[in-house]
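In the form predicted alone, a lone chain appears below as structure tokens.
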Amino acid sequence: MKDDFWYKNAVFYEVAVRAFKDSNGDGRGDLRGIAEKIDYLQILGVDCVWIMPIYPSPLKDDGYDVADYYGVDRAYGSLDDLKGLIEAAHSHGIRIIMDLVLNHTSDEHPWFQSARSNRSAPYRDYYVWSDTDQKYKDARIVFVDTESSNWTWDEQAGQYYWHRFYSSQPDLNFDNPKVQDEMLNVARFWLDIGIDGFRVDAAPYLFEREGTICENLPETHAYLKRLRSFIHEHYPGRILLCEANQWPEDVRPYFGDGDEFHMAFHFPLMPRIFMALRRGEVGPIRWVMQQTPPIPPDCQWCTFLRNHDELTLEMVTEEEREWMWKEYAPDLRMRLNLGIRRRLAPLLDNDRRRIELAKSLLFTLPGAPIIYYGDEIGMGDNLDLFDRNGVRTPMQWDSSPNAGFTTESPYTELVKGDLAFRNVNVTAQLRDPHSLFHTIQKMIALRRRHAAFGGSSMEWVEIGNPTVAAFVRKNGDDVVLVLSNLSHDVQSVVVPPQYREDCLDLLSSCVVSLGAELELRPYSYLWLQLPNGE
């Protein structure tokens, strides 16, 4: 699997370990469960699996509250189980990356328990303390639904401690050289085990400085460059994926000159795909792509439609946010923080045409796409569950009791209603050649075979119709024209003269003769390979 630039045209698959497959009947998913389903992931066609945190944790935030950086939570298995998963994945040509939670720990971490004991404790300076809660007042509160301040008073410590997320997640103090070295040791530990890289959680928040918003600071970039240098020197071919929910121009520095992150999520693109689908116009997508600066040739964006968090609406205007809530989350239970806690299928009213169209855009726009587990079969969500747990329900493998996820009672309620496991499951969709699974499987296979999708080149095509997204992807001699009707009506487009020829429709394997005009069915999409690299 030696290919240092494998990530450029990879398809990623995000797995919530607790929710994927239970191998031992305790009601919770585990690492062995993922290993048992590697064949399934290979059939789907993904290149890399991102596993959410597996560290020992009180699980107040699904493992992002780390209690031990050097172990695996017993609920998920052991280090040997992780090694077994990596070996199984690699034997199937699949890589594994995991979360590296740099910014904060759990308040139950031994470091924090030591730190709060007294001001001279060995780990006191591993965290950020203050006698007042008035410092860094320009820093925004991320979890506005649950936190009223970024400071929390600790009675035992006799001081306030700093946290950018839940109060149960105190931030580490990266001004302390020992913390910086410690986190490099954490990375080394997992890379030595065989992990293929990290999705770095909450990358913008590592340092704090008065008079700033405490995000994207030069000191943060300096440390992240150090982390990249360490990996480049000792573990070539492994990657760093940046989670920075920021505007593209603010994320661009996280690539550096190709010496910081290999990849970064494109957060602002995601809500604008949903805007375009609801409005039936390409404007929101064109606008955000125009705001996206070029990146170094060895770097790549990561694109997504949904993930384990709410559909974040931080990177939209207040007016756009209100509109998105009205259109996609009319029930107040669907809203969380500055976002929407819904999965892809229910967001799109379980409309197969729109789900496919959204996936087509994901796979054809620039960037390496990420699929959230279960979205390939159109899983639903459970709004009765607290917070983000509604989109982290057990994978629906078959129609047997407990969805084939476990032989015992699952750790949480399953999805109910029309999208419940008896109606939506892997087994049924594998048997049906026309299922959503097989459509997405085909898209992935085509994307992997065509170099055009792995490059960064994208050119909008003027076709005289704002309801149709028309663009060309090109890489070398491989050129693909993508047409997407974003509306619920038949649309006619004017085909520019240079494209009026016979093209191969990649999805149907049929030849399409493009004339001066072309009609597109509602919510339809075409991937047309142009001849002779034109």
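Because the structure is predicted, anything quoted here is derived from the model rather than measured. A residue's number is simply how far along the shown sequence it sits, counting from 1.
One more form of this protein, predicted together with a small molecule, exists but is not displayed; see below.
- None of 57 to 65, 478 to 486, 492 to 500, 465 to 473 except one has non-hydrogen atoms within 4.5 angstroms of the small molecule in the predicted complex; the exception is 57 to 65.
- Checked against the small molecule in the predicted complex, the residues F437, W190, Y123, F165 give one hit for a heavy atom within 4.5 Å, which is F165.
- Taking T393, Q169, Q300, S360 one by one, only a single residue has any non-hydrogen atom within 4.5 Å of the small molecule in the predicted complex, and it is Q169.
- Though the partner is left out of this view, E215 does not reach within 4.5 Å of the small molecule in the predicted complex, counting heavy atoms only.
- Among residues of the shown chain, D81 is not one whose heavy atoms approach the small molecule to within 4.5 Å in the predicted complex.
- Although the partner is absent here, E356 sits far enough away that none of its heavy atoms falls within 4.5 Å of the small molecule in the predicted complex.
- Not displayed here, the small molecule is kept clear of R343 by more than 4.5 Å at the level of heavy atoms in the predicted complex.
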